[in-house]
Ligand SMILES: NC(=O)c1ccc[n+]([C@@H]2O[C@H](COP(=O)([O-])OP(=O)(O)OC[C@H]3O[C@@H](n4cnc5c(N)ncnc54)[C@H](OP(=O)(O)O)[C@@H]3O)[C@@H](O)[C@H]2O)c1
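Okay, so here's just one chain, in structure tokens, the form predicted alone.
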Amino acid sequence: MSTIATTKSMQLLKFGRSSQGKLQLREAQIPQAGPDQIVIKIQASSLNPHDWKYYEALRRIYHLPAPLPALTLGHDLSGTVVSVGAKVKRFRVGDDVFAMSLKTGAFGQYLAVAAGQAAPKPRNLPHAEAASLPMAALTAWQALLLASLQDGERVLVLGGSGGVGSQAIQIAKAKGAHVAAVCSTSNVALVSSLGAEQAFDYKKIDVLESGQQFDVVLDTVGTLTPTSVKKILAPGGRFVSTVPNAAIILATLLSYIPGITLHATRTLIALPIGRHLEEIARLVEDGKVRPVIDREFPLEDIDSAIAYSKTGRTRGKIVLSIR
């Protein structure tokens, strides 16, 4: 008689069951690889604000008197390939990879992901550091692609010490831009070490009143609006926000219409594109981009990790170690 292989996975169960709507580490079946998938034994994941915001929304839904399935969270991961689908050519069993999975489930020991969402792990990084990169670095990479950043242009990054901002500074610098960043007093040294040539301490200086102009303004915290950013955008400048809201989305749509005289406004949600991760990995291996990790928590202590993320004072990323 065959047995079903099981693993541990952090799951949200329906209210009324033993978990009372909290995340709990429970037994789950090890997934099988589909034709275009790889199964990864996860060594580390990382916590993004998206994860706990999704969790908070789910907890409200799980109050409803309806049969709801157990759900897992997490998108970022780094680990080792343990099986590959029949159509997969890029990876083999034993390869170390990192990925941003489109579906949730990275807060566990195993996950099947589409091969196109993964990339070889940077050879010079341990799994914990590699796991901190995917969602944050992909957001930064794709935002700068959306901005059509050119060599020699001036870039301003708001939220320069955060997960996305810390990667955006380094990627923009690697692309030949002149980079400035907005951060708090305690993070001026950090953003400077990442390559920012100028740091605006928001506790002392309002960048909107600085008299300076930039070719690209990347807002990773949701501070600016399409109207307010006009003060600091150079002619032909582009404004990209990673925090979509109604005003940003409307301005984005309007700026695509011929004859509408608006600065180009763009917004995005990161897409799990493996070839972009490969480009990021090359920058890491070349020493042009490095992870920024604030704290590491064991997966079992995810509640503490979420509580710390909610303070809004995270420098870089929070990593979750998985055993």
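Every value quoted in this text rests on a predicted model; they were computed, and no experiment measured them. Residue numbers run from 1 along the displayed sequence.
Omitted here: the form predicted together with the named molecule. The next part is about that form.
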* is_contact(residue 162, the named molecule) in the predicted bound form, heavy atom dist at most 4.5 Å -> yes
Answer with yes or no whether residue 184 is in contact with the named molecule in the predicted bound form, where contact means some heavy atom within 4.5 Å. yes
TODO: Answer with yes or no whether residue 313 is in contact with the named molecule in the predicted bound form, where contact means some heavy atom within 4.5 Å.
DONE: yes
> Any of the heavy atoms of residue 243 lying within 4.5 Å of the named molecule in the predicted bound form?
Replying inline: yes
**OP:** Give a yes or no on whether every one of 49, 53 and 139 sits within 4.5 angstroms of the named molecule in the predicted bound form by heavy atom.
**Re:** yes
Answer key: of 223, 212, 150, 227, within 4.5 Å of the named molecule in the predicted bound form (heavy atoms) is 223
Contact with the named molecule in the predicted bound form, heavy atom within 4.5 Å, among 270, 264, 30, 284 goes to 270
Which of 153-161, 125-133, 72-80, 108-116 lies within 4.5 Å of the named molecule in the predicted bound form, heavy atoms considered? The stretch 153-161
